[in-house]
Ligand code: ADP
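One chain comes next, on its own, written as structure tokens: the form predicted on its own.
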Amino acid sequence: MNQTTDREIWTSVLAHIREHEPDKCRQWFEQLDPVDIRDGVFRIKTLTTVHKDYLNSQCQSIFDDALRAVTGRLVSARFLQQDEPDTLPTNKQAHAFIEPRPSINNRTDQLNLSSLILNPDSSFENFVMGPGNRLAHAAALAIAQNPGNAYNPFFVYGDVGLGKTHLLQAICLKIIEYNTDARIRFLSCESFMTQFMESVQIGKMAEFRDHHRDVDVLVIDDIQFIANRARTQEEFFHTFNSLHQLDKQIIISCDRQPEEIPDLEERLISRFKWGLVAELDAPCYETRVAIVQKKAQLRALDLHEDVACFIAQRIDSNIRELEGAITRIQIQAMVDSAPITLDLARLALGEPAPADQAVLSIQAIIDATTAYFGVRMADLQSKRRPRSIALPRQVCMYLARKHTRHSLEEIGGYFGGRDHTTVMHAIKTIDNHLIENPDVQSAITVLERQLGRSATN
């Protein structure tokens, strides 16, 4: 940029977005390269074509609003590729057919054959691996490195919010990274069905088929919506065959296994199972903590590990709810003009501190637990690991985390100076025991009842 004032404007724009659009602000915004302001347009160089398309589709309004708020003028943002001239608008489409979705077109002689926009955040680097997704992740990475030859088709399934779409987008991003000329068609099953019906109605089937079959990779998200759609199933069957015979990669996501999709033709079930069928399970506690930390990092959000552990412990359903919790906490901190602490996180997520926390101490928990299990406090603080000592120690750590405001580090300090990862492991172990082990269930129930009485006396 040529003018110091332009640089100051850019700094103020980023600050405005961080303050007013915290859930949309991303760490990589700092890596954008502002050029200048001319003729009411702020020109900004992006990192890649994918970033440019994402900014145009998802972030245009927030940058425009920030520019107008900062400058007091009617200024709009224009995003450019690194090697793109900044003199005239470009009609060049992104590689791999990743196009911005146009507005609804009511003309009957045109088809809306748009694809989904790739999110730069949905890369392999930002995908957190755990026991429940290791197989699917390994297969996806192999496909990205050798599309059409490794696991074709690739069918990944799991409940809502477990990372299926992230994994599909990661494959596409990696393929584009290896080959910028790759022709990828990424769309939802609903979009595929809508485009098919529109093409039938206006007699554009040849155009529709060329659009979806003349590609290197076809990605269909949420294929379960093809259930009970006989004509769409017929068309997709032939599209599948055409691509597979040419060794073109087919990637499909679903919320259930192929054979569990209602009224799905047997020939499609068979083809979905030709390659690899991989399941995504719900993330375990440690994986959820890592996911929360990664999501916060992407937002350039300083999130203490205690807060990440609290979110992961409170929300165990899916990744979208974890991200929603981060957003609520971030907005609460912005409204209160306060740093993100464990107490603020509790307030944001509607979980006030238990009434007994004011008087309940770790020592009280240790006293009750040692009496129940017949061990000494010195045993819990020792390095010994037999089950007769390890289990009471883990129970103490679990109860301390649940019923006090002490950090993981502070809890570990009470038990021989153990680090926070040991406390996290203890919490996960007891969580698992509470599902599978009646003896531990009974112990926790009795101890919490005793601690409740002691806390109120």
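These numbers were taken from a predicted model, which means no experiment stands behind them. All residue numbers are counted from 1 along the displayed sequence.
Form predicted together with this ligand: not shown, discussed below.
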item: Partner contact for residue 271 in the model of the complex: this ligand, 4.5 angstroms, heavy atom; value: no
item: Any non-hydrogen atom of residue 319 within 4.5 angstroms of this ligand in the model of the complex; value: yes
item: Residue 165, heavy atom within 4.5 angstroms of this ligand in the model of the complex; value: yes
item: Touches this ligand in the model of the complex: residue 291 (any heavy atom, 4.5 Å); value: yes
item: Residue among 207, 177, 279, 159 with a heavy atom within 4.5 Å of this ligand in the model of the complex; value: 159
item: Contacting member of 127, 240, 79, 310, with respect to this ligand in the model of the complex [4.5 Å, heavy atom]; value: 127
item: Heavy atom contact within 4.5 Å of this ligand in the model of the complex, the stretch among 188-196, 128-136, 262-270, 340-348; value: 128-136
